[in-house]
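Starting off, we have a lone chain in the form predicted alone, written out as structure tokens.
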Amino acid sequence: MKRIGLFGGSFNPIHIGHLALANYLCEFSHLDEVWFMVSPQNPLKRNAQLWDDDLRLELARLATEDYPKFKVCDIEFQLPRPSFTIHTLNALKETYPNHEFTLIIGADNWALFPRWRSADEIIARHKVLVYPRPGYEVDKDELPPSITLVETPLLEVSSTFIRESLEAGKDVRYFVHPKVWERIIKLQKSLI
């Protein structure tokens, strides 16, 4: 049985913060792999600044293709929108019954977790791994048994920072994987 960490998000675009966190979890936690779950539509986020679905998926694949413990999963692209995590978890469990899935979320998302669709069901039926985010304290003594708080390095990089920097004409090549930067440069005029 493979132990898979599910790292969901818009990845708009994927950046070194995402990759370093997932790499850390593959090498220093119980996880065998991390699957990047590119979300076509997050119900708690506005989509005004969302890059094209296929482009975000392509960039995630480019960023992860050289590390065997990373996979990109597009199952949410086949599910009804908006993307609710409970539907994704149920579909994955049905598709891959021999895998053990752990949802990976930041402390910022843990603070919003009561607003998630079927939050109680997720906690009751699935493991959740919470990583630190600046400004969001999590008291591990108050966490349900299925929730694990993990200490990871903090890299404060955001997709918003990447997009805004590109719009301002900045060279932020070291904030994204080299293959992602290459692709962004080719497409830059259509992205901003």
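Residue numbers here begin at 1 and follow the sequence given. Worth saying up front: this structure is predicted, and the values here are computed from it rather than measured.
Just so you know, the form predicted together with a small molecule exists too; it's not on screen, but the next bit is about it.
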Check your understanding: Tell me which of 27 to 35, 137 to 145, 159 to 167, 120 to 128 has residues with heavy atoms within 4.5 angstroms of the small molecule in the predicted complex?
Key -> 159 to 167
**Study point:** Three-residue site His15, Leu21 and Leu155 fully in contact with the small molecule in the predicted complex at 4.5 Å by heavy atom
**Key:** yes
Review point. Contact between Arg133 and the small molecule in the predicted complex at 4.5 Å, heavy atoms?
Key: yes
Review point. Hey, in the predicted complex, does Gly5 get a heavy atom within 4.5 angstroms of the small molecule?
Key: no
Review point. Hey, in the predicted complex, does Asn109 get a heavy atom within 4.5 angstroms of the small molecule?
Key: yes
Review point. Going by a heavy atom distance of 4.5 Å, is Phe11 a contact of the small molecule in the predicted complex?
Key: yes
